[in-house]
Each structure stands twice: as structure tokens, then as C-alpha cells.
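One chain follows as C-alpha cells, the form predicted on its own.
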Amino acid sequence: MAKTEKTLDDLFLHTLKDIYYAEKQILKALPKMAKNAESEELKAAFETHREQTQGQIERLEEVFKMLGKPARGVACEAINGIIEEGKELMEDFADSPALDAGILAAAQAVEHYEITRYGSLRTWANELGMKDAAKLFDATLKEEKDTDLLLSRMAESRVNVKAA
């Protein structure tokens, strides 16, 4: 039996489902991260990003609608692993001066994953002539990069200093 050749359209849809699943998992994880963070600034950053994540999910649902497909995720082992690692850090470093540094590093791993996914989706959307979808991905990509920058500044200026 001959294997069906996969196209960029197929890869685009698979990756869209992947990041949709990932965003839903991130939405669930952010309140736990905020609850465990000791720094009020870090708690606030997680709460703000939770609101952004809800908007990002809505943008993804818009793209599914553009494609005429139901908004459904596909299990993403990468994000599951990153979130699990974050949970382990919160347990292992509870009551430690390094707790916030660990939580922040886990959050940045999530951001970097999202940045790669949204960058690819934006590029593929442009390649496939889906300019409106590309604009939605670009808006989310900007938010993810801004969050990563905020977390880096927070780590360098306060959180890592406290952990040391």
C-alpha cells in the first residue's frame, strides 16, 4: 500500500493542532506557576501572560475557522515534557531561594517553544498564501517574544540575584 505524500498544508495543520494543544496546557499551568512564585512581580507576569494566552487561543481558533476545520489539538509531548519539568522544579526547590529562578527558567523554556512554533506557522501561512493567518501568528509571536524579554530582564535584574 502506497504511503500518501504529505504536503506543507498537512504540516501546517498538524503544527496548528500541536500549538493549540500546547496553549491549552499552558493556560492550565500558568495559575500553578503564579501560585508557587514568591516574587510578586513574577506572579503578576504569569497572570498577565495567562490573559494573553487566552487571546492567543482565540486567534488559533480564528485560524481553524479560516481553514474550515474544527479547533482541535493533538497531543504535544514537547510541551508536556516542559510543563512536567517545571512541576518537578517547583517541588524540588519549594522553600528555596532558587525557586523563582527555576520557575522563571521553566517559563522561558515554554516561551522558546512557542516562539519556534509561531515563527514556523507564520512563515508557512505566508508561503501558503494565508496572509490573514500570518498576521494573527505574527501578533502572537510578538507577544511571546515580549514575554521572553520581560522574563530575561526579571531574571537578570532580580530573580537570579536572589537565588545566588
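Please read these numbers as outputs of a predicted model, since none were measured by experiment. Numbers follow the displayed sequence, beginning with 1.
The same protein also has a form predicted in complex with a further copy of the same chain, omitted here; what follows describes it.
- A heavy atom within 4.5 Å of a further copy of the same chain in the predicted bound form is found for one listed residue only; from Ala105, Leu27, Met66, Ala44, this is Ala105.
- With a further copy of the same chain left out of view, the stretch that reaches within 4.5 Å of it through heavy atoms in the predicted bound form is, among 95-103, 29-37, 132-140, 58-66, 95-103.
- Within this chain, Asp18 lines the site of a further copy of the same chain in the predicted bound form, having a heavy atom no more than 4.5 Å away.
- A residue is said to contact a partner when one of its heavy atoms sits within 4.5 Å of a partner heavy atom; Thr116 meets this definition for a further copy of the same chain in the predicted bound form.
- Though the partner is left out of this view, Ala78 does reach within 4.5 Å of a further copy of the same chain in the predicted bound form, counting heavy atoms only.
- Within 4.5 Å of some heavy atom of a further copy of the same chain in the predicted bound form lies at least one heavy atom of Leu11.
- Along 24-59, a non-hydrogen atom within 4.5 Å of a further copy of the same chain in the predicted bound form is carried by no residue at all.
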